[in-house]
Ligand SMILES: NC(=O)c1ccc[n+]([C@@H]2O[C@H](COP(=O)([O-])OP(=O)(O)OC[C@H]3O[C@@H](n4cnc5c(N)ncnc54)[C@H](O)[C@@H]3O)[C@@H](O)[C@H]2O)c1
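Next comes just one chain, in structure tokens: the form predicted alone.
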């Protein structure tokens, strides 16, 4: 069955949209970068032309599924070649600089989240995309799950009535395995910028990005309240976000929480005519349902399985192939970054 992916409230793009393959370079092919590369290639959404990674074994693994690609040393060498776009999956501290360099070289970019470590970095990237008139995408992957697409459609339909409450949760029973995640100068923060970024994006996206009126938060590291977010990263966070529309958004996220399962992930919207929820099942990082709530009754609208991993990159590559250039929806990345800054008290 063909699935239409919602890109914004006015645009949809089918997974089966006919395309001519754009030539792509992949900067960073660790686990995530390699997955995005493989999914784009498998879906015939792009041609893997260049690969660059400072870890030789990563490049060797990538070549197993992209044996015609050329391994280069760095982004600079990649940008001198014949490519239409760059897919970036490197440490967060490098995202803004590398994305801007690619855009200024006339290449479209699809970047891992976060696009920048703060609002100012993110804003500079979006301005560079606007100046270059190039398509900019960020791997906000949960938008592209079938379950979240169902939730989006329900919220957009207006059938919930007045939406007054949104509850966002992302607990990861594990923590990142790379040291740079724990250095705020390199990562930009802890679980909020790593996990909460997805949830803040989902809430604002579904609600058409209303203005944010007030943000308060409590951040913790190893059970202790922290305020110096430029010194230590948080592993537990709770934030209250009041929107100018009157809607209240509650965000809770964590690393290494004794949650009794591997992950708890959800985005629940409550309105005067019922509720709708995006939820993971059985502690899974990959399996999601969409549920519609009517008082004490639950109707499940969408079940696993759903092979959604990497689908955001496929959608970006299809848009690039269709000739799309800079889209004003890139401003959404700045709006999400601003909320994260306010959670961090910046």
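Positions refer to the first chain, counted from 1. All values reported here derive from a predicted model rather than from experimental measurement.
Just so it is clear, the following notes concern the form predicted in complex with the ligand, a form of the same protein that is not shown.
**Student:** So which stretch, 150-158, 214-222, 245-253, 177-185, is the one near the ligand in the predicted bound form (non-hydrogen atoms, 4.5 Å)?
**Tutor:** Residues of 177-185 come within 4.5 Å of the partner.
**Student:** Within 4.5 Å of the ligand in the predicted bound form, heavy atoms considered, which of 229, 92, 172, 266?
**Tutor:** The residue from 229, 92, 172, 266 that makes the contact is 92.
**Student:** Taking heavy atoms and a 4.5 Å cut-off, does residue 137 contact the ligand in the predicted bound form?
**Tutor:** Although the ligand is absent here, residue 137 would stay clear of it in the predicted bound form, with no heavy atoms inside 4.5 Å.
**Student:** Quick one: does residue 30 come within 4.5 Å of the ligand in the predicted bound form, counting heavy atoms only?
**Tutor:** Yes, residue 30 lies within 4.5 Å of the ligand in the predicted bound form.
**Student:** Flag residue 280 as yes or no: does it have a non-hydrogen atom within 4.5 angstroms of any non-hydrogen atom of the ligand in the predicted bound form?
**Tutor:** Taking the distances in the predicted bound form, the answer for residue 280 is no, it never comes within 4.5 Å of the ligand.
**Student:** Indicate whether residue 198 is a 4.5 Å heavy atom neighbour of the ligand in the predicted bound form.
**Tutor:** Residue-level check for residue 198: yes, a contact with the ligand.
**Student:** Only counting heavy atoms and a 4.5 Å limit, does any residue of 38-70 reach the ligand in the predicted bound form, and if so which ones?
**Tutor:** 52, 53, 54, 55, 58 sit within 4.5 Å of the partner.
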